[in-house]
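The chain below stands alone and is given in C-alpha cells; this is the form predicted on its own.
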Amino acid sequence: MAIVMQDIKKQYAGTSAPVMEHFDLTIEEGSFTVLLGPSGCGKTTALRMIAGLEEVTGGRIFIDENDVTDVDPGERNIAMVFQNYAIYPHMTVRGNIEFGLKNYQIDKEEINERVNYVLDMTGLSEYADRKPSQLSGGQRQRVALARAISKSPKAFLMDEPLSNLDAKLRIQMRTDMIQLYNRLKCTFIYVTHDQTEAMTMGTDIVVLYKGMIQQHGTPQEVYNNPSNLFVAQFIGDPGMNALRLSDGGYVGFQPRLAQFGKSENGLNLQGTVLTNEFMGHDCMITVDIGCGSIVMRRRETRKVGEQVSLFIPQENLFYFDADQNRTGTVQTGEVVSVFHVDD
C-alpha cells in the first residue's frame, strides 16, 4: 500500500497559523517509514490524518491511488497501534483480538483461525486466557499488535508504541517489530521522537521540525549526509557538534570522528575536559573549548580538568551556510561559538 499526502494543510479552529502547510509526503509500498522529530513537530498529526482520525484543512490524501481524504477511518484498510495499548481491561487476550473481528462480521471459524495465528505469531498463545492486568507492559503491547495483525490490513500505523516500556524491553520489542515487519511484508508507518528507534527499525526516515519535512531518506543517508543543521544535530547519539563561524556559516562534525592530538589537515581545537562518561564500549567526553562545549565519543579516557588538544580531519567536516543548509563550500571564518539549533 502506497500512501501520498499532497499539499496538505492543517489548522486548528481558533488558531492564527496552521501547524502544517504545503506538506507533501510519499510513503512507498512495503516500506517501514519512520516519522521522526521532537514533540510538536507534526508527526502524530500526519499519522492521524492518514488514519482519518484528523480532518485535513486542505490538500488530499491518497492510498493506493484512491482519494481517501473524506473516507471514514474504518474504510481505509489500515490498523493503528497506540502507545497506551487501547485494549479492553475486562476481556481476555483472546477476547480482545476477537472483538474487532466480530465487528467485521467474519464467520466464527475464520475468526478462530485468525486469532490462533496471531497469538502464535506474537508469542501470546500461552497467555490467551489472561486479562491485561495479568500481563507485563510488553505483553500488553503484543496484544495490541496481535489485534491489529488479525484484521489483515495493508498498512500499520503506530504512534510511539514502545514509549511506555522500560529500556530493556524496548530493545527486545524493537527486534520483535523488525521481525514482524519482515514476516508481514506490508507498509509500516511508525511515529517516534527516539532517533535510535528510527535508525534501527526504519527503511525510510522522515525527519520533521515545525510542521515541515527536513529530510526524507534511508537511515544511512540521513546520518551520513544530513541536509541541514537541524537534522545533523537531531540524528546520532549524540548528534553532531556544530560551530558558528565568523563568516556567517557553520562547521559540524560527528562526536565519534573527533580525535585527540593535532593535525595539519583539518580543524584543530583545544579545551578542558568537563565530564568523562563511561558508556561501556566507549566514553562520552565533554570538552569546554572556550566558546562553549563539544562532545567526543572515544575509547580513550581523559581525566576531568585535563587540558587536551583535539582535531577533526578535513574529510570528516560538514559545512553549512548562514541559513543552516548543507553546502559543499568550505567555510573559512574563525570559530565564534558552539551552536545548537534551538539557541
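Note that the rigid core is defined as the largest set of C-alphas that superpose within 1.5 Å between two forms. This is a predicted model, so every value here is computed, not measured. We number the residues from 1 along the sequence you see.
Form predicted in complex with a small molecule: not shown, discussed below.
- Highlighted residues G123, R174 and T196: none comes within 4.5 Å of the small molecule in the model of the complex, counting any heavy atom.
- Taking non-hydrogen atoms only, T332 never approaches the small molecule to within 4.5 angstroms in the model of the complex.
- Interface residue remark: V19 is counted as part of the site for the small molecule in the model of the complex, having a heavy atom within 4.5 Å.
- In the model of the complex, T44 approaches the small molecule with a heavy atom inside 4.5 Å.
- In the model of the complex, the small molecule lies within 4.5 Å of some heavy atom of E160.
- Shown alone, this chain has one stretch from 57-65, 309-317, 44-52, 290-298 that lies within 4.5 Å of the small molecule in the model of the complex by heavy atoms: 44-52.
- Superposition of the core reveals a Cα shift of 2 Å or more for G14 between the shown form and the other one.
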